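Given as structure tokens, the chain that follows is alone and in the form predicted on its own.
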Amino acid sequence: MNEIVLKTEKLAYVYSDGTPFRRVAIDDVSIEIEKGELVGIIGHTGSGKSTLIQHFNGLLKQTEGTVYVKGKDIWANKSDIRQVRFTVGLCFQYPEYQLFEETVAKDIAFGPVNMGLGKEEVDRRVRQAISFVGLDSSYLDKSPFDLSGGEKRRVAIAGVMAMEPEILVLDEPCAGLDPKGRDTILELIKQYREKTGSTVIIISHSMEDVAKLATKVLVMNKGRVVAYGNVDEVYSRHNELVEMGLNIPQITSLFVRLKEKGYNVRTNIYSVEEGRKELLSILKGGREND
């Protein structure tokens, strides 16, 4: 078994406790995430996804339960929280709204500078981070406000990557982007994980995007974990997912219907390319080898 880098035990968080507006946001969440995994978190709006990830680096302190990062209770010593936030880098939805420096280089350097790193190390991290997000060093002297929306998103993500977190958490990294921009960000996240070996956690409303990337899928509903496993294990429960208001990939839905009509097809099909191969294998009277 690989090293467990992030673990929660019976985690619960209540908003406005003790008031008439009391609301349980997450309840009894116990999960383990192994080093190097890419975990996709899905669930409809209000399911507790964003509240959950804000516990991973101590931005929110749980009402009940425990969060462990690399085996240590992150709240055992309050003075350790600052280091926890360098270990677990969190990139909020629409992170480009938080850009504020006069140059891209200074924006990306903000985190490493606050870590107390020397100038040479900061510069190395800035240049490495800009390459991770697919931009060349000519962008470093530009104002972030002169960039396109997709470029701003990449710079903002690079600012978190520059801290070299062992766990990178991204809340809806593709929100608001066109299909090309979304595909670009997803590919960059995939490459970043492959190059660094970091653990990556992403929240996404797109079950297709999660299927492309994730090694594990965590499904939240009404503040609780209702499924946690690999893509096939979770997506095979398609009827339950639909009942929760989640839309399984259209191509998956098509193959599920074909199966229900008696056709001998796999239902763990999550992309058009996979669907094409499956149909060709049937038409040829056998299954293609991938």
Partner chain sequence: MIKDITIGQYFPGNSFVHKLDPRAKLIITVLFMVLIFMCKNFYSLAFMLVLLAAAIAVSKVPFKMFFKSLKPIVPIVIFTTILNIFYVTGGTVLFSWRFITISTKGIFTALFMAVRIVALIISSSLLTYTTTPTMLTDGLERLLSPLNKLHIQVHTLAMIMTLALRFIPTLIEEVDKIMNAQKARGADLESGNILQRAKALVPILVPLFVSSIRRAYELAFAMECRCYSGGEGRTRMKKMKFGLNESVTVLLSVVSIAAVVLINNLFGKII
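Positions refer to the first chain, counted from 1. Computed from a prediction, not measured in an experiment: that's the story for all the values here.
Keep in mind that the form predicted together with its partner chain is missing from the display, and what follows is about it.
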Residue contact check: Arg124 to its partner chain in the predicted complex, 4.5 Å heavy atom: no
Close approach of Gly159 to its partner chain in the predicted complex, 4.5 Å, heavy atom: yes
Arg85 within 4.5 Å of its partner chain in the predicted complex, heavy atoms: yes
Partner proximity in the predicted complex: Phe92 to its partner chain, non-hydrogen atom cutoff 4.5 Å: yes
Residue stretch of 124-132, 99-107, 212-220, 67-75 approaching its partner chain in the predicted complex, non-hydrogen atom distance within 4.5 Å: 99-107
Heavy atom of each of Val14, Ser47 and Gln62 within 4.5 Å of its partner chain in the predicted complex: no
Contact residue in the predicted complex, from Gln191, Asn114, Ser137, Ser143 (heavy atom within 4.5 Å of its partner chain): Asn114
Selected contact from Leu147, Met163, Leu177, Leu186, since only one has a non-hydrogen atom within 4.5 angstroms of its partner chain in the predicted complex: Met163
Neighbours of its partner chain in the predicted complex among 35-72 [non-hydrogen atom within 4.5 angstroms]: Gln54, Asn57, Leu59
